[in-house]
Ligand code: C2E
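Presented as C-alpha coordinates, the chain that follows is alone, the form predicted on its own.
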(Lines give C-alpha, C1' and ligand atoms only; values in the text may rest on other atoms or scores of the structure.)
Protein backbone atom coordinates (compact mmCIF):
# COMPACT_ATOMS: atom_id res chain seq x y z
CA UNK A 1 0.00 0.00 0.00
CA UNK A 2 1.72 3.10 -1.25
CA UNK A 3 -0.63 5.76 0.17
CA UNK A 4 -0.58 9.43 -0.72
CA UNK A 5 2.83 10.94 0.29
CA UNK A 6 2.72 14.31 2.04
CA UNK A 7 -1.05 14.46 2.11
CA UNK A 8 -2.30 16.87 4.78
CA UNK A 9 -4.26 14.82 7.28
CA UNK A 10 -7.56 16.02 8.68
CA UNK A 11 -7.95 16.79 12.36
CA UNK A 12 -9.81 13.55 12.99
CA UNK A 13 -7.18 11.52 11.13
CA UNK A 14 -4.44 13.07 13.23
CA UNK A 15 -6.30 12.26 16.44
CA UNK A 16 -7.02 8.67 15.35
CA UNK A 17 -3.37 8.07 14.41
CA UNK A 18 -1.82 9.77 17.44
CA UNK A 19 -1.33 6.71 19.68
CA UNK A 20 0.32 4.74 16.89
CA UNK A 21 2.49 7.78 16.07
CA UNK A 22 3.80 7.76 19.65
CA UNK A 23 4.16 3.99 19.96
CA UNK A 24 5.95 3.52 16.62
CA UNK A 25 7.97 6.75 16.65
CA UNK A 26 6.12 8.28 13.70
CA UNK A 27 6.37 11.36 15.90
CA UNK A 28 10.11 11.78 16.31
CA UNK A 29 12.83 14.38 16.80
CA UNK A 30 15.18 16.13 14.43
CA UNK A 31 18.20 17.94 15.88
CA UNK A 32 19.52 21.33 14.83
CA UNK A 33 23.02 22.21 16.09
CA UNK A 34 23.84 25.54 17.76
CA UNK A 35 27.27 26.93 16.83
CA UNK A 36 29.60 29.60 18.17
CA UNK A 37 30.17 31.62 15.01
CA UNK A 38 33.46 32.98 16.38
CA UNK A 39 35.05 29.57 16.96
CA UNK A 40 33.02 27.15 14.79
CA UNK A 41 32.46 24.98 17.84
CA UNK A 42 29.18 23.37 18.84
CA UNK A 43 27.53 24.65 22.02
CA UNK A 44 24.19 22.83 21.95
CA UNK A 45 21.27 21.66 19.84
CA UNK A 46 17.49 21.89 19.70
CA UNK A 47 15.16 18.90 19.38
CA UNK A 48 12.36 19.68 16.89
CA UNK A 49 9.17 17.60 16.75
CA UNK A 50 8.26 15.99 13.41
CA UNK A 51 5.51 13.59 12.27
CA UNK A 52 6.00 11.22 9.35
CA UNK A 53 2.90 9.12 8.70
CA UNK A 54 3.64 5.79 6.97
CA UNK A 55 0.87 6.42 4.42
CA UNK A 56 0.39 10.18 4.26
CA UNK A 57 4.01 11.22 4.64
CA UNK A 58 5.39 14.29 6.43
CA UNK A 59 2.92 16.46 8.30
CA UNK A 60 3.81 20.11 8.89
CA UNK A 61 4.23 21.10 12.55
CA UNK A 62 2.05 24.13 11.87
CA UNK A 63 -0.75 21.71 10.95
CA UNK A 64 -0.52 18.96 13.56
CA UNK A 65 0.71 20.83 16.66
CA UNK A 66 -2.40 23.08 16.94
CA UNK A 67 -4.55 19.92 16.66
CA UNK A 68 -2.58 18.23 19.46
CA UNK A 69 -2.89 21.36 21.62
CA UNK A 70 -6.63 21.65 20.98
CA UNK A 71 -7.24 18.02 21.94
CA UNK A 72 -4.94 17.96 24.99
CA UNK A 73 -2.48 15.60 23.32
CA UNK A 74 0.54 17.89 23.11
CA UNK A 75 1.64 17.01 26.65
CA UNK A 76 2.10 13.34 25.73
CA UNK A 77 3.88 14.32 22.50
CA UNK A 78 6.25 16.67 24.37
CA UNK A 79 7.09 13.96 26.90
CA UNK A 80 7.72 11.54 24.03
CA UNK A 81 10.25 13.96 22.46
CA UNK A 82 11.86 14.52 25.85
CA UNK A 83 12.24 10.75 26.29
CA UNK A 84 13.78 10.42 22.81
CA UNK A 85 16.32 13.10 23.74
CA UNK A 86 17.14 11.36 27.03
CA UNK A 87 17.51 8.07 25.18
CA UNK A 88 19.90 9.71 22.68
CA UNK A 89 21.99 11.38 25.40
CA UNK A 90 22.21 8.09 27.33
CA UNK A 91 23.34 6.28 24.18
CA UNK A 92 26.06 8.87 23.51
CA UNK A 93 27.29 8.75 27.10
CA UNK A 94 27.41 4.93 27.08
CA UNK A 95 29.29 4.92 23.75
CA UNK A 96 31.68 7.61 25.01
CA UNK A 97 30.52 10.12 22.40
CA UNK A 98 31.05 13.67 23.61
CA UNK A 99 27.66 15.32 24.11
CA UNK A 100 26.29 18.88 24.21
CA UNK A 101 23.07 20.07 25.88
CA UNK A 102 19.87 19.55 23.89
CA UNK A 103 16.89 21.91 24.25
CA UNK A 104 13.35 20.51 24.38
CA UNK A 105 10.22 22.59 23.90
CA UNK A 106 7.64 23.02 26.65
CA UNK A 107 4.23 24.28 25.56
CA UNK A 108 1.87 26.42 27.61
CA UNK A 109 -0.50 23.43 27.73
CA UNK A 110 2.18 21.46 29.55
CA UNK A 111 2.31 24.21 32.16
CA UNK A 112 -1.37 24.92 32.62
CA UNK A 113 -2.85 21.41 32.39
CA UNK A 114 -0.20 19.00 33.66
CA UNK A 115 2.63 18.44 36.14
CA UNK A 116 5.25 18.81 33.42
CA UNK A 117 8.33 19.25 35.61
CA UNK A 118 7.81 16.15 37.73
CA UNK A 119 7.03 14.14 34.58
CA UNK A 120 10.23 15.05 32.74
CA UNK A 121 12.27 14.62 35.91
CA UNK A 122 11.01 11.05 36.20
CA UNK A 123 12.06 10.38 32.59
CA UNK A 124 15.48 11.94 33.14
CA UNK A 125 16.08 9.76 36.20
CA UNK A 126 14.93 6.69 34.25
CA UNK A 127 17.75 7.22 31.74
CA UNK A 128 20.16 8.65 34.33
CA UNK A 129 21.06 11.64 32.15
CA UNK A 130 22.86 14.50 33.96
CA UNK A 131 20.59 17.53 34.02
CA UNK A 132 23.36 19.71 32.51
CA UNK A 133 22.76 17.95 29.18
CA UNK A 134 19.09 18.98 29.00
CA UNK A 135 17.47 22.39 28.55
CA UNK A 136 13.85 23.46 28.48
CA UNK A 137 12.51 25.96 25.93
CA UNK A 138 9.48 28.11 26.56
CA UNK A 139 8.03 30.59 24.09
CA UNK A 140 7.38 34.09 25.31
CA UNK A 141 3.72 33.77 24.22
CA UNK A 142 3.37 30.94 26.75
CA UNK A 143 3.99 33.38 29.58
CA UNK A 144 1.38 35.93 28.55
CA UNK A 145 -1.60 35.80 30.87
CA UNK A 146 -0.07 33.40 33.36
CA UNK A 147 3.13 35.00 34.58
CA UNK A 148 2.80 33.84 38.17
CA UNK A 149 2.26 30.19 37.22
CA UNK A 150 5.06 30.22 34.63
CA UNK A 151 7.41 31.81 37.15
CA UNK A 152 6.70 29.06 39.68
CA UNK A 153 7.32 26.37 37.02
CA UNK A 154 10.64 28.01 36.14
CA UNK A 155 11.60 28.04 39.81
CA UNK A 156 10.77 24.35 39.98
CA UNK A 157 12.89 23.62 36.89
CA UNK A 158 15.79 25.59 38.36
CA UNK A 159 15.51 23.67 41.62
CA UNK A 160 16.29 20.49 39.67
CA UNK A 161 19.14 22.18 37.79
CA UNK A 162 17.55 22.72 34.36
CA UNK A 163 18.47 25.80 32.32
CA UNK A 164 15.51 27.54 30.71
CA UNK A 165 15.54 29.21 27.29
CA UNK A 166 13.04 31.78 26.04
CA UNK A 167 12.27 30.94 22.42
CA UNK A 168 11.16 33.46 19.78
CA UNK A 169 12.12 36.42 21.96
CA UNK A 170 10.96 39.65 20.35
CA UNK A 171 8.07 38.11 18.41
CA UNK A 172 5.49 39.08 21.03
CA UNK A 173 4.34 42.40 22.43
CA UNK A 174 5.56 42.13 26.01
CA UNK A 175 9.13 40.91 25.58
CA UNK A 176 10.77 43.34 27.98
CA UNK A 177 8.21 42.82 30.73
CA UNK A 178 8.52 39.06 30.44
CA UNK A 179 12.31 39.22 30.56
CA UNK A 180 12.11 41.46 33.61
CA UNK A 181 9.75 39.21 35.52
CA UNK A 182 10.93 35.71 34.53
CA UNK A 183 14.21 34.10 35.56
CA UNK A 184 15.37 33.12 32.07
CA UNK A 185 18.85 31.60 31.52
CA UNK A 186 19.18 31.87 27.72
CA UNK A 187 17.47 34.09 25.14
CA UNK A 188 16.72 32.91 21.61
CA UNK A 189 16.28 35.88 19.29
CA UNK A 190 13.69 36.03 16.55
CA UNK A 191 15.86 36.87 13.53
CA UNK A 192 12.79 38.20 11.69
CA UNK A 193 13.77 41.60 13.12
CA UNK A 194 16.17 42.00 10.21
CA UNK A 195 14.50 40.08 7.39
CA UNK A 196 14.34 43.37 5.51
CA UNK A 197 18.13 43.72 5.60
CA UNK A 198 20.89 44.44 8.04
CA UNK A 199 20.74 47.74 9.88
CA UNK A 200 17.79 50.06 10.24
CA UNK A 201 15.44 49.95 13.18
CA UNK A 202 15.43 46.15 13.38
CA UNK A 203 19.21 46.07 13.64
CA UNK A 204 19.15 48.77 16.33
CA UNK A 205 16.62 46.77 18.36
CA UNK A 206 18.68 43.59 18.02
CA UNK A 207 21.83 45.39 19.13
CA UNK A 208 20.03 46.81 22.16
CA UNK A 209 18.61 43.42 23.15
CA UNK A 210 22.04 41.77 22.92
CA UNK A 211 23.61 44.49 25.07
CA UNK A 212 20.79 44.29 27.61
CA UNK A 213 21.19 40.50 27.79
CA UNK A 214 24.92 40.98 28.35
CA UNK A 215 24.29 43.04 31.48
CA UNK A 216 21.78 40.43 32.65
CA UNK A 217 24.49 37.75 32.24
CA UNK A 218 22.26 35.93 29.75
CA UNK A 219 23.63 34.19 26.63
CA UNK A 220 21.84 34.96 23.35
CA UNK A 221 21.23 32.57 20.45
CA UNK A 222 20.22 33.98 17.06
CA UNK A 223 17.73 31.52 15.57
CA UNK A 224 16.91 31.10 11.90
CA UNK A 225 20.23 32.38 10.53
CA UNK A 226 20.64 31.37 6.89
CA UNK A 227 23.39 33.65 5.50
CA UNK A 228 26.98 34.47 6.44
CA UNK A 229 26.08 38.16 6.22
CA UNK A 230 23.52 37.85 9.02
CA UNK A 231 25.82 35.66 11.13
CA UNK A 232 28.68 38.16 10.80
CA UNK A 233 26.34 41.01 11.69
CA UNK A 234 25.13 39.21 14.83
CA UNK A 235 28.75 38.57 15.82
CA UNK A 236 29.55 42.28 15.32
CA UNK A 237 26.87 43.29 17.86
CA UNK A 238 28.01 40.72 20.43
CA UNK A 239 25.88 37.65 19.62
CA UNK A 240 28.17 34.74 18.68
CA UNK A 241 25.73 31.83 19.06
CA UNK A 242 23.96 30.85 15.85
CA UNK A 243 21.24 28.32 14.99
CA UNK A 244 20.00 27.96 11.45
CA UNK A 245 20.49 26.61 7.93
CA UNK A 246 23.81 28.48 7.55
CA UNK A 247 25.41 25.74 9.64
CA UNK A 248 22.88 22.93 9.54
CA UNK A 249 19.27 22.11 8.81
CA UNK A 250 17.44 19.96 11.41
CA UNK A 251 18.94 16.48 10.99
CA UNK A 252 17.97 12.93 12.07
CA UNK A 253 19.59 11.21 15.02
CA UNK A 254 22.23 9.19 13.15
CA UNK A 255 23.44 12.24 11.22
CA UNK A 256 23.41 14.31 14.41
CA UNK A 257 25.68 11.77 16.13
CA UNK A 258 28.13 12.05 13.22
CA UNK A 259 28.05 15.84 13.61
CA UNK A 260 28.84 15.47 17.32
CA UNK A 261 31.95 13.54 16.40
CA UNK A 262 33.09 15.90 13.64
CA UNK A 263 32.83 19.23 15.51
CA UNK A 264 34.69 20.45 18.56
CA UNK A 265 32.50 21.45 21.48
CA UNK A 266 32.57 24.26 24.02
CA UNK A 267 30.27 25.38 26.86
CA UNK A 268 27.91 28.27 26.33
CA UNK A 269 29.00 31.30 28.36
CA UNK A 270 27.03 34.29 29.58
CA UNK A 271 27.72 37.41 27.53
CA UNK A 272 29.08 39.20 30.59
CA UNK A 273 30.24 37.45 33.74
CA UNK A 274 29.96 39.92 36.60
CA UNK A 275 31.59 39.66 39.99
CA UNK A 276 29.52 37.65 42.44
CA UNK A 277 29.16 40.74 44.61
CA UNK A 278 27.43 42.63 41.80
CA UNK A 279 23.70 42.10 41.27
CA UNK A 280 23.51 43.21 37.65
CA UNK A 281 19.71 43.07 37.44
CA UNK A 282 19.31 45.49 40.33
CA UNK A 283 22.26 47.61 39.24
CA UNK A 284 20.64 48.46 35.91
CA UNK A 285 17.15 48.85 37.39
CA UNK A 286 16.51 52.62 37.68
CA UNK A 287 14.41 52.11 40.81
CA UNK A 288 16.72 49.76 42.70
CA UNK A 289 18.67 50.54 45.85
CA UNK A 290 21.91 49.92 43.96
CA UNK A 291 21.01 52.64 41.45
CA UNK A 292 19.92 54.96 44.25
CA UNK A 293 23.32 54.56 45.90
CA UNK A 294 25.17 55.00 42.58
CA UNK A 295 23.25 58.16 41.77
CA UNK A 296 23.15 59.84 45.16
CA UNK A 297 25.51 58.50 47.80
CA UNK A 298 28.78 57.57 46.12
CA UNK A 299 31.19 60.12 44.71
CA UNK A 300 31.64 60.98 41.06
CA UNK A 301 31.36 57.63 39.27
CA UNK A 302 30.96 56.05 35.85
CA UNK A 303 30.44 52.61 34.33
CA UNK A 304 32.39 51.91 31.14
CA UNK A 305 33.28 48.97 28.92
CA UNK A 306 36.64 48.26 27.29
CA UNK A 307 37.53 45.88 24.47
CA UNK A 308 41.07 44.68 25.08
CA UNK A 309 41.45 43.48 21.48
CA UNK A 310 40.15 46.57 19.72
CA UNK A 311 41.35 48.91 22.52
CA UNK A 312 38.03 50.73 22.34
CA UNK A 313 36.27 52.25 25.33
CA UNK A 314 32.63 53.18 25.80
CA UNK A 315 31.05 55.10 28.67
CA UNK A 316 27.75 53.42 29.57
CA UNK A 317 26.55 55.32 32.61
CA UNK A 318 27.54 58.33 34.74
CA UNK A 319 26.00 59.88 37.83
CA UNK A 320 25.33 63.57 38.42
CA UNK A 321 28.43 63.98 40.59
CA UNK A 322 30.55 62.75 37.69
CA UNK A 323 29.04 65.39 35.42
CA UNK A 324 29.73 68.08 38.02
CA UNK A 325 33.27 66.89 38.79
CA UNK A 326 34.72 66.34 35.31
CA UNK A 327 31.94 67.14 32.83
CA UNK A 328 33.15 70.72 32.28
CA UNK A 329 29.73 71.86 31.10
CA UNK A 330 28.95 68.75 29.05
CA UNK A 331 25.58 67.02 29.40
CA UNK A 332 25.19 63.37 30.35
CA UNK A 333 24.09 62.60 26.79
CA UNK A 334 27.18 64.24 25.30
CA UNK A 335 29.53 62.48 27.72
CA UNK A 336 28.07 59.05 26.93
CA UNK A 337 28.08 59.64 23.17
CA UNK A 338 31.66 60.95 23.12
CA UNK A 339 34.79 58.87 22.52
CA UNK A 340 36.80 59.03 25.79
CA UNK A 341 40.06 58.66 23.85
CA UNK A 342 39.44 62.01 22.13
CA UNK A 343 40.31 63.97 25.29
CA UNK A 344 43.53 62.07 26.08
CA UNK A 345 46.85 62.50 24.31
CA UNK A 346 48.86 59.37 23.48
CA UNK A 347 50.86 59.38 26.71
CA UNK A 348 47.81 59.75 28.99
CA UNK A 349 45.87 57.20 26.92
CA UNK A 350 48.66 54.67 27.50
CA UNK A 351 48.61 55.45 31.24
CA UNK A 352 44.85 54.81 31.35
CA UNK A 353 45.06 51.58 29.32
CA UNK A 354 47.86 50.39 31.58
CA UNK A 355 45.68 50.96 34.64
CA UNK A 356 42.79 49.10 33.00
CA UNK A 357 45.07 46.12 32.35
CA UNK A 358 46.25 46.16 35.96
CA UNK A 359 42.61 46.18 37.16
CA UNK A 360 41.83 43.15 34.97
CA UNK A 361 44.85 41.23 36.23
CA UNK A 362 44.59 42.13 39.92
CA UNK A 363 40.79 41.92 40.20
CA UNK A 364 41.21 44.87 42.55
CA UNK A 365 40.97 48.65 42.45
CA UNK A 366 43.76 50.40 40.55
CA UNK A 367 44.51 54.13 40.48
CA UNK A 368 45.96 56.53 37.92
CA UNK A 369 46.17 60.25 37.20
CA UNK A 370 45.65 61.53 33.65
CA UNK A 371 45.50 64.96 32.04
CA UNK A 372 42.51 65.54 29.78
CA UNK A 373 41.83 68.33 27.29
CA UNK A 374 38.10 69.05 27.11
CA UNK A 375 36.57 71.49 24.62
CA UNK A 376 32.98 72.66 25.09
CA UNK A 377 30.85 75.63 24.07
CA UNK A 378 30.49 76.55 27.73
CA UNK A 379 34.09 76.37 28.95
CA UNK A 380 36.03 76.44 25.71
CA UNK A 381 39.22 74.37 25.80
CA UNK A 382 40.34 73.42 29.29
CA UNK A 383 42.95 71.03 30.59
CA UNK A 384 42.16 69.10 33.77
CA UNK A 385 43.90 66.40 35.77
CA UNK A 386 41.66 63.52 36.87
CA UNK A 387 42.42 60.84 39.45
CA UNK A 388 40.65 57.59 38.47
CA UNK A 389 40.09 54.57 40.71
CA UNK A 390 39.16 51.72 38.38
CA UNK A 391 37.79 48.28 39.24
CA UNK A 392 36.75 45.48 36.87
CA UNK A 393 33.23 44.21 37.61
CA UNK A 394 32.61 41.92 34.65
CA UNK A 395 34.26 40.23 31.70
CA UNK A 396 33.55 38.09 28.68
CA UNK A 397 36.16 37.26 26.06
CA UNK A 398 37.88 40.52 25.14
CA UNK A 399 35.14 42.74 26.60
CA UNK A 400 35.38 44.03 30.17
CA UNK A 401 33.08 46.11 32.36
CA UNK A 402 34.47 48.62 34.86
CA UNK A 403 33.31 50.79 37.74
CA UNK A 404 35.31 54.02 38.00
CA UNK A 405 35.42 56.70 40.71
CA UNK A 406 36.90 60.01 39.56
CA UNK A 407 38.22 63.14 41.24
CA UNK A 408 39.23 66.41 39.62
CA UNK A 409 42.66 67.14 41.15
CA UNK A 410 43.66 69.97 38.82
CA UNK A 411 43.97 72.56 41.61
CA UNK A 412 46.07 70.21 43.73
CA UNK A 413 48.40 69.58 40.80
CA UNK A 414 48.72 73.30 40.14
CA UNK A 415 49.56 73.94 43.80
CA UNK A 416 52.20 71.20 43.72
CA UNK A 417 53.70 72.68 40.56
CA UNK A 418 53.89 76.04 42.29
CA UNK A 419 55.70 74.48 45.24
CA UNK A 420 58.08 72.63 42.95
CA UNK A 421 59.08 75.92 41.36
CA UNK A 422 60.39 77.00 44.77
CA UNK A 423 61.82 73.59 45.67
CA UNK A 424 65.42 74.72 45.35
CA UNK A 425 64.97 77.60 47.81
CA UNK A 426 62.93 75.49 50.24
CA UNK A 427 65.42 72.63 50.15
CA UNK A 428 68.37 75.00 50.75
CA UNK A 429 66.62 76.62 53.72
CA UNK A 430 65.51 73.25 55.08
CA UNK A 431 69.05 71.87 54.91
CA UNK A 432 70.24 74.62 57.22
CA UNK A 433 67.43 74.29 59.75
CA UNK A 434 67.36 71.73 62.55
CA UNK A 435 63.90 70.50 61.49
CA UNK A 436 62.65 67.06 60.49
CA UNK A 437 59.18 66.64 58.97
CA UNK A 438 56.86 63.78 57.95
CA UNK A 439 53.26 62.96 57.24
CA UNK A 440 51.13 60.04 58.43
CA UNK A 441 48.11 58.64 56.53
CA UNK A 442 45.59 57.97 59.30
CA UNK A 443 43.70 55.42 57.22
CA UNK A 444 46.67 53.20 56.33
CA UNK A 445 49.21 54.23 58.99
CA UNK A 446 51.80 54.75 56.28
CA UNK A 447 54.39 57.43 57.16
CA UNK A 448 56.34 59.35 54.53
CA UNK A 449 59.45 61.19 55.82
CA UNK A 450 61.33 64.24 54.53
CA UNK A 451 64.70 63.83 52.83
CA UNK A 452 66.57 64.76 56.04
CA UNK A 453 64.83 61.92 57.93
CA UNK A 454 65.89 59.51 55.21
CA UNK A 455 69.45 60.87 55.02
CA UNK A 456 70.26 61.38 58.72
CA UNK A 457 68.15 58.66 60.37
CA UNK A 458 68.02 56.01 57.62
CA UNK A 459 64.24 56.13 57.55
CA UNK A 460 62.86 54.40 54.40
CA UNK A 461 60.69 56.36 51.90
CA UNK A 462 57.54 54.72 53.33
CA UNK A 463 57.17 53.36 56.87
CA UNK A 464 54.29 50.92 57.20
CA UNK A 465 52.41 50.34 60.49
CA UNK A 466 53.79 53.60 61.89
CA UNK A 467 55.19 54.21 64.53
CA UNK A 468 56.12 50.61 65.44
CA UNK A 469 59.20 50.26 63.16
CA UNK A 470 60.69 53.53 64.50
CA UNK A 471 60.07 52.41 68.08
CA UNK A 472 61.80 49.11 67.33
CA UNK A 473 64.91 50.78 65.86
CA UNK A 474 65.22 53.21 68.78
CA UNK A 475 64.37 56.53 67.14
CA UNK A 476 61.56 56.80 69.70
CA UNK A 477 62.93 55.61 73.09
CA UNK A 478 61.12 52.70 74.83
CA UNK A 479 60.09 54.85 77.81
CA UNK A 480 58.23 57.23 75.44
CA UNK A 481 56.76 54.51 73.22
CA UNK A 482 53.37 54.17 74.95
CA UNK A 483 52.97 57.95 75.18
CA UNK A 484 53.65 58.25 71.44
CA UNK A 485 51.23 55.42 70.59
CA UNK A 486 48.61 57.31 72.60
CA UNK A 487 49.28 60.36 70.45
CA UNK A 488 48.51 58.33 67.33
CA UNK A 489 45.17 57.25 68.79
CA UNK A 490 44.29 60.84 69.67
CA UNK A 491 45.22 62.06 66.19
CA UNK A 492 43.03 59.37 64.62
CA UNK A 493 40.17 60.61 66.81
CA UNK A 494 40.68 64.18 65.61
CA UNK A 495 42.69 65.78 68.45
CA UNK A 496 44.77 68.50 66.83
CA UNK A 497 47.82 70.46 68.04
CA UNK A 498 49.64 67.78 70.03
CA UNK A 499 53.15 68.86 71.08
CA UNK A 500 55.90 67.93 73.56
CA UNK A 501 59.67 67.73 73.99
CA UNK A 502 60.77 64.15 73.34
CA UNK A 503 64.31 62.73 73.45
CA UNK A 504 64.84 61.09 70.08
CA UNK A 505 67.36 58.60 68.69
CA UNK A 506 69.63 56.36 70.74
CA UNK A 507 71.48 59.52 71.83
CA UNK A 508 68.23 60.83 73.42
CA UNK A 509 68.64 64.23 71.75
CA UNK A 510 65.76 66.52 72.80
CA UNK A 511 63.43 67.62 70.00
CA UNK A 512 60.30 69.71 70.07
CA UNK A 513 57.71 67.43 68.40
CA UNK A 514 54.33 68.76 67.26
CA UNK A 515 51.43 67.58 65.09
CA UNK A 516 48.69 69.22 63.02
CA UNK A 517 45.83 67.54 61.16
CA UNK A 518 44.27 67.60 57.71
CA UNK A 519 40.57 66.68 57.45
CA UNK A 520 38.41 65.37 54.61
CA UNK A 521 35.21 67.05 53.42
CA UNK A 522 33.24 65.27 56.16
CA UNK A 523 35.50 66.48 58.96
CA UNK A 524 37.20 63.11 59.42
CA UNK A 525 40.97 63.21 60.15
CA UNK A 526 42.81 62.33 56.95
CA UNK A 527 46.50 63.01 57.51
CA UNK A 528 48.72 64.04 60.41
CA UNK A 529 51.70 66.30 59.74
CA UNK A 530 54.55 65.97 62.20
CA UNK A 531 57.75 67.94 62.76
CA UNK A 532 60.70 67.64 65.14
CA UNK A 533 62.82 70.73 65.84
CA UNK A 534 66.10 70.43 67.69
CA UNK A 535 65.93 72.02 71.15
CA UNK A 536 68.84 74.44 71.57
CA UNK A 537 69.53 75.76 75.11
CA UNK A 538 71.42 78.96 75.99
CA UNK A 539 74.74 77.10 76.44
CA UNK A 540 74.48 75.75 72.91
CA UNK A 541 73.79 79.23 71.57
CA UNK A 542 76.99 80.53 73.13
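Residue numbers count along the first chain shown, from 1. All of these numbers come straight from a predicted model, not from anything done at the bench.
Note that the form predicted together with the named molecule isn't included here; everything after this is about it.
Asks: Every residue in 32, 61 and 244 with a non-hydrogen atom within 4.5 Å of the named molecule in the predicted complex?
Replies: Every residue of the spot touches the named molecule in the predicted complex.
Asks: When the named molecule is placed as it is in the predicted complex, which of 252-260, 158-166, 347-355, 70-78 ends up with heavy atoms within 4.5 Å of it?
Replies: Contact criterion met by 70-78 only.
Asks: Check each of 485, 514, 37, 50 and return the one that places a heavy atom within 4.5 angstroms of the named molecule in the predicted complex.
Replies: Among 485, 514, 37, 50, a heavy atom within 4.5 Å of the named molecule in the predicted complex occurs only for 50.
Asks: Identify, from the list 472, 412, 310, 226, the residue with a heavy atom within 4.5 Å of the named molecule in the predicted complex.
Replies: The option sitting close enough to the partner is 226.
Asks: Does residue 498 reach the named molecule in the predicted complex, with heavy atoms at most 4.5 Å apart?
Replies: Result no; residue 498 lies far from the named molecule in the predicted complex.
Asks: Tell me, yes or no, whether residue 106 is in contact with the named molecule in the predicted complex, where a contact means a heavy atom of each within 4.5 Å.
Replies: The answer is yes: residue 106 has a heavy atom within 4.5 Å of the named molecule.
Asks: Is residue 481 close enough to touch the named molecule in the predicted complex, meaning at least one heavy atom pair within 4.5 Å?
Replies: No, no contact at 4.5 Å.
Asks: With the cut-off set at 4.5 Å between non-hydrogen atoms, does residue 65 touch the named molecule in the predicted complex?
Replies: Residue-level check for residue 65: yes, a contact with the named molecule.
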